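The chain below stands alone and is given in structure tokens; this is the form predicted on its own.
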């Protein structure tokens, strides 16, 4: 089967502005040494997809630095490989007062040139703010077997996600045929919602995009999908394993804390023949000094720990000073904490410095955030 991939890097930047002022959503660090884009990229590569376009919007320098040539995902290829698709990739799009896209449908119309030049019969489309380790080849096989035009991967909401926002509820019958796609009504648990991972016939998508451009449509589900329910073959595919959706700073914190659960880690990182790839960085092993204590924490390489760490996620190069106690925190790369510091429910961005004797505390429902490069 011939399949290409398309990943949106900026669609939900506004969901977590604290961390996307200096990077795209795709570049947000997660899980000690990964970026959010590593998950959809790895899912596609593990499923045999070797031509992948990444739809960019703005502020994507860190994304380009992370992706590089794509060699860490085996995508440094003469044919296919990985392509960054910035806005206005053709000459006519940058004239006539064209604006940057604001919706998923507008983003797809902006990369129609890439889609039309693909020779592959199918496209897998994915966002970056959904974290899972899914075998996309099973979804593609289901799509082909049912002769579908569009297959939407769905999941069930857990009770803890009852107040989640900006997602689409998908209703389908017993055979999986989608009967409705609508904005999710808050508070309804057990609902089936879109993961924003889809398999679509390339020619069907091109026709839908031409129709959307002719009628001035802007929204993918409301204008493109809903108008074709009953006229096109649109199916759902229920994914029932671990799926983490990041929609706010609070959900980023709670999602990071979920990694302390061995079952969640196993379903994300220990799936046979389906590793999550990322940019390699050669660092020394973490050094635990005499008197240090680490309890139920997820720690990357290159750290120096001289104090106490409990229920934390530490990225590469984090330094925990003597007498320092860090609990329920997410400390990003190269965070430095001085001596006799006390942290609870704190998120630090890269290169943050917390001086000696500081006491900082947030709450699981409202973590305290320290921006990139800030000193406290």
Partner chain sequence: MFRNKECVAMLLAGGQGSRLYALTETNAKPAVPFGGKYRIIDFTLSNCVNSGIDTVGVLTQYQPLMLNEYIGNGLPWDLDRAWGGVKILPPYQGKNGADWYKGTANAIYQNLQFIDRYDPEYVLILSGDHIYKMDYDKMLDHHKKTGADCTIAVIDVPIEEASRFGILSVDDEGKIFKFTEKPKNPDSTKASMGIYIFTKKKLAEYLCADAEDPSSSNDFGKNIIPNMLAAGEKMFAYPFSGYWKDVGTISSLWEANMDLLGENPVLNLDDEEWRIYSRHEAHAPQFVGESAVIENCSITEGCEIFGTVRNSVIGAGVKIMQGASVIDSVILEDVVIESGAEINYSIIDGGSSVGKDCKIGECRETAKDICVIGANIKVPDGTVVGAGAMISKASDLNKEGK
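Numbering follows the first chain given and starts at 1. Keep in mind it's a predicted model, so treat the numbers as computed, not measured.
The next section is about a form of this same protein that is not shown, the form predicted together with the partner chain.
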property: Listed residue that, although the partner chain is not shown, lies within 4.5 Å of it in the predicted complex (heavy atoms), from 296, 182, 102, 116; result: 296
property: Residue (of 260, 244, 171, 140) lying close to the partner chain in the predicted complex, criterion heavy atoms within 4.5 Å; result: 260
property: Which of 117 to 125, 153 to 161, 131 to 139, 299 to 307 sits within 4.5 Å of the partner chain in the predicted complex, heavy atom basis; result: 299 to 307
property: The partner chain contact at residue 217 in the predicted complex, heavy atom, 4.5 Å; result: no
property: Residue 31, heavy atom within 4.5 angstroms of the partner chain in the predicted complex; result: yes
property: Contact label in the predicted complex: residue 319 to the partner chain, heavy atom within 4.5 Å; result: yes
property: Heavy atom of residue 275 within 4.5 Å of the partner chain in the predicted complex; result: yes
property: Stretch 272 to 295: residues contacting the partner chain in the predicted complex, 4.5 Å heavy atom cut-off; result: 275, 276, 277, 280, 281, 282, 283, 284, 285, 286, 287, 288, 289, 290, 292, 294, 295
